[in-house]
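Just one chain is shown here, as structure tokens, and it is the form predicted alone.
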Amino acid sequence: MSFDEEIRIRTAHCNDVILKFLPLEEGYAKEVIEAMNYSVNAGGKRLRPMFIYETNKMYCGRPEICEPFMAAIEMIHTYSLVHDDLPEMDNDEYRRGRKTTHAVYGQGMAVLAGDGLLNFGYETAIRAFEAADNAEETENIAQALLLLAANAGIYGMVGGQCADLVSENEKIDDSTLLYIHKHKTACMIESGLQIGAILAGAPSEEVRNLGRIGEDIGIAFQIQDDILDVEGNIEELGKTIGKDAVEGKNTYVSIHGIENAKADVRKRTDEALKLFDGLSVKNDFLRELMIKLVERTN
């Protein structure tokens, strides 16, 4: 089986899991639920739930416990995209090859859809407690919830988005840019890699190393995103390109140049793979996936 086929199978599995947890489109909240589901069903790589599933499997965890977190992390990630696309933020009309949520449902409903996805994500993750068989699993779920919330909040993704917003049209240094990339993007990738391991009861040292791997891969992923905004095309990316330069946004490319950006993608990927190869358990698919992510053209 080719690697592309393996990705398709795993992506389909993640989609099936996510669909199980989406809310029914009914009642007085029907329109906001429709907007929520439209946003989640726009597609995407499903990387974060895939990371949870793969690391959980690596450490012999139970899918019944990790599935609510798989759906939850994709809901939270999607909420961030819905809000990021708003006119007051990045003002994007297309996401994943189709109209963004605010372009279809209006700005007010898009705000509510993002709010709904964030909250319903936590409601969904909490359902993992229903599958816990013992005190250890209950404690693991609690730890995973704390990590998910922290990495999505003001000291994680929201903090990174804040720093990105206030630095627009301002000259920033490298440390500020790295803060933005780590918190806006890498934090939720760290969450994916660590949560699956935590739920399976992995050793704390390995969980910490998975966090370091997630940071390197997440930053490399964002640098590659900055590169694709310069060298990519809308057909492959499914979103507008060249907007960063037009809007004067700070990116890794604008600060370091295209060649240095490419070199740093390779360096961070190599560091992540070295740590990954040092783990006590192996996952060849996940290793290859990390390489493909930072070599992607879409």
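Residues carry their position along the shown sequence, with the first being 1. All of these numbers come straight from a predicted model, not from anything done at the bench.
Here the subject shifts to the form predicted together with a small molecule, a form of this protein not shown in this document.
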#### Entry: the small molecule: the contacting residue among 224, 140, 161, 100 in the predicted complex [heavy atom, 4.5 Å]
161
### Query
So which of 32, 253, 58, 47 reaches within 4.5 angstroms of the small molecule in the predicted complex, heavy atom to heavy atom?
47
### Task
Answer yes if any heavy atom of residue 147 is within 4.5 Å of a heavy atom of the small molecule in the predicted complex; otherwise answer no.
no
### Query
Hey, in the predicted complex, is residue 74 touching the small molecule, heavy atoms inside 4.5 Å?
yes
### Message
So, residue 96 and the small molecule: in the predicted complex, are they within 4.5 Å at any heavy atom pair?
### Response
yes
### Query
Taking heavy atoms and a 4.5 Å cut-off, does residue 228 contact the small molecule in the predicted complex?
no
### Query
Tell me which of 170-178, 183-191, 124-132, 196-204 has residues with heavy atoms within 4.5 angstroms of the small molecule in the predicted complex?
183-191
### Message
Does the small molecule, in the predicted complex, lie within 4.5 angstroms of each residue among 112, 115 and 119, using heavy atoms as the measure?
### Response
no
